[in-house]
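As structure tokens, one chain now follows by itself in the form predicted on its own.
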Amino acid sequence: MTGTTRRTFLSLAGAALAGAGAAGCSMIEGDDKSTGSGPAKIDRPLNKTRTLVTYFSVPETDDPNNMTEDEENSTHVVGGKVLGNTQHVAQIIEKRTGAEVFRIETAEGLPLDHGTLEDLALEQQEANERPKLKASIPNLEEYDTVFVGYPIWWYDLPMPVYTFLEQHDFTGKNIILFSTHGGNRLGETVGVITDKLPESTVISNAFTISRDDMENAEAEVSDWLDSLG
């Protein structure tokens, strides 16, 4: 990978690698263009017992001290605990909605060295690979609304998220998307997921936040949740 390409990955996907993350938070409506065709709002208030928050996040360290720049880009520290950027957003949604949470994890551990991780992510994307997951949701039928969170890797969903979407039946459910990024916002992921889940209602009012704005995540996420219904 060339230096330019590596920097591009850092810019577009690096924050997300650690768990969720990058510059300026926004909802997709407005200056961003969503390819999703779903409604901007859910058709009924969120019911915490029927709502599930799922996310994929890979913080590149769990040590809050002496982080490298790449490690800082992929993480957010809350009360001395290191969280991935996307993980942090998922926990804010959990706190606000009272929903259950499911973390998407690969069966095989991912490398935490940034260069090794980004090379693996690109390799999986170019091979259209579906990495095996550690676990599936055992009771998905109990939920009406599912939040799906992910970082942007190489302009796209991380390949484990493709596995997750294809491994579960989301028929009839409201799907609400959120991402963290290093400059590419949501990319085309709303359209990709809308196409992949034709029997679901993918809410077009997706949320994305830059790794550089994580300090504002709580307020931004709260405003976004208020706008959903």
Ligand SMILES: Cc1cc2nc3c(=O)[nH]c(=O)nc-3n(C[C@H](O)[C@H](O)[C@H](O)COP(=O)(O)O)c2cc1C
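Just count from 1 along the sequence shown to find any residue number. Just so we're clear, the structure is a prediction, and the values are computed from it rather than from any experiment.
Here the subject shifts to the form predicted together with the ligand, a form of this protein not shown in this document.
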Task: Clash verdict for the ligand in the predicted bound form, overlaid onto the shown chain (3 or more atoms within 2.4 angstroms of backbone or C-beta) - done: blocked
Open item on the list: I'd like to know if N73 sits close to the ligand in the predicted bound form, meaning any non-hydrogen atom pair within 4.5 angstroms.
Closed with: yes
Task: Y143: touches the ligand in the predicted bound form, heavy atom cutoff 4.5 angstroms - done: no
Open item on the list: in the predicted bound form, does I152 come within 4.5 Å of the ligand, counting heavy atoms only?
Closed with: yes
Open item on the list: Check I176 for me: does it contact the ligand in the predicted bound form (non-hydrogen atoms, 4.5 angstroms)?
Closed with: no
- [ ] Name the single residue among M159, V82, L117, I104 that comes within 4.5 Å of the ligand in the predicted bound form, judging by heavy atoms.
- [x] L117
TODO: Name the stretch, out of 46-54, 192-200, 177-185, 162-170, where some heavy atom lies within 4.5 Å of the ligand in the predicted bound form.
DONE: 177-185
- [ ] Pull the contact list for 195-218: residues with a heavy atom within 4.5 Å of the ligand in the predicted bound form, in sequence order.
- [x] R211
